[in-house]
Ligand SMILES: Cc1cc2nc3c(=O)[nH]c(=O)nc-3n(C[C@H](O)[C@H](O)[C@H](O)COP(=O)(O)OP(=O)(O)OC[C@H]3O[C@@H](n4cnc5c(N)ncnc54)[C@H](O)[C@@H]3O)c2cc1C
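Listed next as structure tokens is one chain, alone, in the form predicted alone.
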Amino acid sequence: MKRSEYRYGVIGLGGIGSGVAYWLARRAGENVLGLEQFELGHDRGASEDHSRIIRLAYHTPQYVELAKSSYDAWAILEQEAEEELIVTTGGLDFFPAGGPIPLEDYSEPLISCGVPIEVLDSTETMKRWPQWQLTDDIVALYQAAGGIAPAARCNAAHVRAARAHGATLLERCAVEAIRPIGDAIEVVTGDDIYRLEKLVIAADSWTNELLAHLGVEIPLTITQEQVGYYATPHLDDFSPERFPVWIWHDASDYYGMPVFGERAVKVAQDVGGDEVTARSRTFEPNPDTLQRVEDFCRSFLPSAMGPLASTKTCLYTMPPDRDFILDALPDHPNVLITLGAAHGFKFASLFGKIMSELAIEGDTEHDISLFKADRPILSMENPPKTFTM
């Protein structure tokens, strides 16, 4: 007989959802159900590519401390999965003079959290990494722990380890209804009805479609973003041993990674795409965004340029303040929501741990006070939007 009752359920098994399933399964084993509307490892969401940046550099001490804990969570997964995942390259954050984000916004939280950093002028930066072509007004913050989280491999490791702990993970299993039934939650998928004590929604751009079953809506902006992989003729210069991950903080933000996963350098603009929905998105590259990325590289990172080997699209799903959501719904305390706000992959395993603690104990040891589901900006009709990190 097919099982229909579980203590804990997860909807969405991408980067964060697979992490939730894994951490729940470490404690609740076969009492965990995970549901994915597409196939596992699909590319219709936000977290299925070769790589994502992992870093300690952030703009508040609370974020920095969470980032430090994220490395610990990945290390536990690596040990259980018997697979090395995180690749350390070092990380550079660039701050042009007069930009909207001053260096101190990043350096001071790191220092206050005891994280070693180096602040480099453009001359020293180019001496260490001659791939860069910088003007005199640019300063860089270097943090040695920055690196790459291999997204597709991390997701697969979460899924594999969750199943090893006894979790039931079902793909091609779209949710048609969510119904509160007393102290329980019923989730309807086709001909099946699952009864759960606690439900975690980790559905990213499909979040509001699922919350609509509960009469809840969160002000979210969804954009279609893309990365470009450029087949530079200088591949050796951009190996992970020679070139760090980087983020450029200005009116338009850019980021990139060394050669990893493809024989090409990855570069992209942050929040450079058009607004879409989860259903209206396409997989077609945006030539305007590609042009902006290529213009940036020709100005500051010219040796990275080469033929466009490939481009990949993904979705950004952002609350108006671009802070995470890690909380139970105020009117439905047995339904929890986790949303990575388009910069959450580095935290995916930690978020799995946090959500498992919230589901099982109702609390967590980590400071997530910024990420409440009922924070004031999420109840505004037309909230101001701040997507720059």
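Residue positions are given as counts along the sequence shown, with the first one as 1. Predicted model only: the values in this text are computed from it and were never measured.
The same protein also has a form predicted in complex with this ligand, omitted here; what follows describes it.
Contact with this ligand, judged by heavy atoms within 4.5 Å in the predicted complex, is confined among 48 to 56, 356 to 364, 327 to 335, 65 to 73 to 48 to 56.
The single contact residue among 203, 162, 154, 199, judged by any heavy atom lying within 4.5 Å of this ligand in the predicted complex, is 203. Put simply, of 173, 216, 87, 119 only one has a heavy atom within 4.5 Å of this ligand in the predicted complex, and it is 173. Using a 4.5 angstroms threshold between heavy atoms, residue 14 counts as touching this ligand in the predicted complex. Among residues of the shown chain, residue 37 is one whose heavy atoms approach this ligand to within 4.5 Å in the predicted complex.
The closest non-hydrogen atom of residue 314 lies within 4.5 Å of this ligand in the predicted complex. Residue 27 falls outside the set of residues with a heavy atom inside 4.5 Å of this ligand in the predicted complex. Contacts to this ligand in the predicted complex (heavy atom within 4.5 Å) from stretch 323 to 359: 340, 342, 343, 344, 345, 346.
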